[in-house]
Structure formats: C-alpha cells, structure tokens
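This document opens with one chain alone, in structure tokens, the form predicted alone.
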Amino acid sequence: MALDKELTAAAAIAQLRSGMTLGIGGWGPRRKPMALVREILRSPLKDLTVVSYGGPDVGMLCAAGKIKKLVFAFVTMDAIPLEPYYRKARESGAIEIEEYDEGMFQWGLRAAGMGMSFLPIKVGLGTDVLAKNPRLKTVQSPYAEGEVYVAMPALRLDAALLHVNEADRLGNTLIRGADHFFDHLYARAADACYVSTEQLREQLTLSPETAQQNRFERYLVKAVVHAPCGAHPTYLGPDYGWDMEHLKRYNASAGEEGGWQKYRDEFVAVDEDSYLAKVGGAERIGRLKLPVF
C-alpha cells in the first residue's frame, strides 16, 4: 500500500461501486463527512445500502435516490427533530429499512470489527425492536444460567466515510472533539475506510496527549481527502458549530415544489470551492457557534 494516501474527493468516491454497503460516520448533525457525501451526490453511484446514525447525509442521499436500503438507529438534525427527505422516503416506501436501537447499532459495528457474526446483547428484549425487525434472533447462553440474549448481527461495511479534524498523508488521524462518537467502530467494520480532514499534514507527531485523539489505526485508512469545512452544514467540534441557518433552508426546501432540485442545483451541482463561497466562506463557517446540549 502506498505511503501517501492523499486523494481528491472525486478520486476517493470513484473507488466506490453501486450496490455497496456504505457506513457514514458522525451522529445526526455532528461531524458528518458532508464533502464526501456531496461527491457521492455528484456521482453515478446508486442502489446503496447506507449504515448510519443518520442526519442530512442520509436525507440528501434519499432525496437523490441513491439509497436502496437504510440501516439506522435514527435520522435527525437535532434542533429539527426529523430529517425531512428521510421522512419523505420512509413515508413513500422508496427505501428498504432496517432499524435498530442506538446501542444495538453500535454493537453491530463492534461485532463486524471483531470479525464476529453477532454479539449477544440484552437491549431489545421485551420491546417492539424484535417485532419490527425480522432479521433479529435470540440466543441462549450455554452456561448454567441459560439466559436469553438478542443476537445482534454484525453490520459489515464495504466502505466507511469519516471526517476528522486533522490527518496526515500516512492515514494517521486526530479527532479533537469531546465526543468521537463511534467512528473508530466504522473504520474497523469496513473493508476500506475513506477519511476527509480539515487539516492535512505531511506527518503527524503525536504526544502522549494527542495520541489519545488518534482513535483508529492508520492501516485501516485507504485514502485521505483534504476537505476544509468538509463537515458543513453539520458541526465539527471544536473547529466550528452547525450552520442552523443553512439547515433550516435545506429543511424548508423539502416542502417546496421542486425543492430538492433547486437545493441540488445551488449547493451540490458545483465544486467544493463554489459550495463554500455560496455558504459564506471558511471565515464565516469558522465563526459558527458550537451548540450546547
């Protein structure tokens, strides 16, 4: 494998194929690899199975007809509780769905990263998760207590897309935010991991403190894409907050005649430099306040 893993977003997404199972890191409107998602929207990729704690990444891919099946725990923009284009796709039956509890979902990613076909978990017992998800089965402990667990299946990924604060050309990464979510599990669950980054270095020098921000090993990373403001309009702590003005505009477009096409023409069918200019530039994005929960 080449030591220099830098690729353009277009070159990275060109390595994906229609019909793949694609994991998208981040959480709702938090640290989503939106520059890579926009590149998928510009590409001919289709019939994707998307695995995500979903936000506008899922909504935009639904709006563009890229998703065949969605494996998810939720799809939200937090302050806007239900992602509008996901809602349209769900209500119209345009996508297949496989829904899990949040904890079960991360357990499935963990099982895939461990090379297991499933992991036992108590979550889901006695709930409608089992009734609504025919894929789920239970398993009985072989030990004396004979306890019954849900057998959470591994969520294996052909590829994962992640966004980080800093990376180097070798594939080392730093996630500086207080909550790194489950991105390390996505990286390990995938056959190939593509990382976009705010800052790209020749080679990171890690101290004992910064080494804790290196959440997954560089050998897992197939390519690194330099994408300043690449999580916009979602937020990337501590670099910038979410762009609620833009998210509200995007949300409103779902209620307009031809709204998605208008949004796509203005913000997707352009290159990333033009996109950043249209949303106010890197300086404005850098001033966006981090949300407080």
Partner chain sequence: MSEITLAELMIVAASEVWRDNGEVLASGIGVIPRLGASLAKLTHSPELLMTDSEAYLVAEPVPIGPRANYLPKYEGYLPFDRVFDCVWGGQRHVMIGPTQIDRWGQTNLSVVGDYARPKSAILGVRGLPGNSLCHINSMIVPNHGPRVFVAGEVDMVSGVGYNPARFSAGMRTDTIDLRRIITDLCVLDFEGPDKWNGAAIRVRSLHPGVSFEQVQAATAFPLRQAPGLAETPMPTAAQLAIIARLDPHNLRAAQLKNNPPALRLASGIAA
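Computed from a predicted structure; not experimentally measured. Positions refer to the first chain, counted from 1.
One more form of this protein, predicted in complex with its partner chain, exists but is not displayed; see below.
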Does the trio 228, 248 and 274 actually contact its partner chain in the model of the complex, every residue with a heavy atom within 4.5 Å? no
Although the partner isn't part of this model, could you tell me whether residue 147 comes within 4.5 Å of its partner chain in the model of the complex, counting any heavy atom of the residue? yes
Contact of residue 235 with its partner chain in the model of the complex (heavy atom, 4.5 Å): yes
Residue-level question: is residue 101 within 4.5 Å of its partner chain in the model of the complex, judged on heavy atoms? yes
Does its partner chain get within 4.5 angstroms of any non-hydrogen atom of residue 208 in the model of the complex? no
As a check of understanding, the residue in 119, 200, 73, 223 with any heavy atom within 4.5 Å of its partner chain in the model of the complex should be identified as 73
Could you work out which of 156, 90, 188, 218 is the residue within 4.5 angstroms of its partner chain in the model of the complex, going by heavy atoms? 90
Only one of 124-132, 188-196, 166-174, 111-119 has heavy atoms within 4.5 Å of its partner chain in the model of the complex; I'd like to know which. 124-132
In the model of the complex, which residues of 255-293 put a heavy atom within 4.5 Å of its partner chain? 292, 293
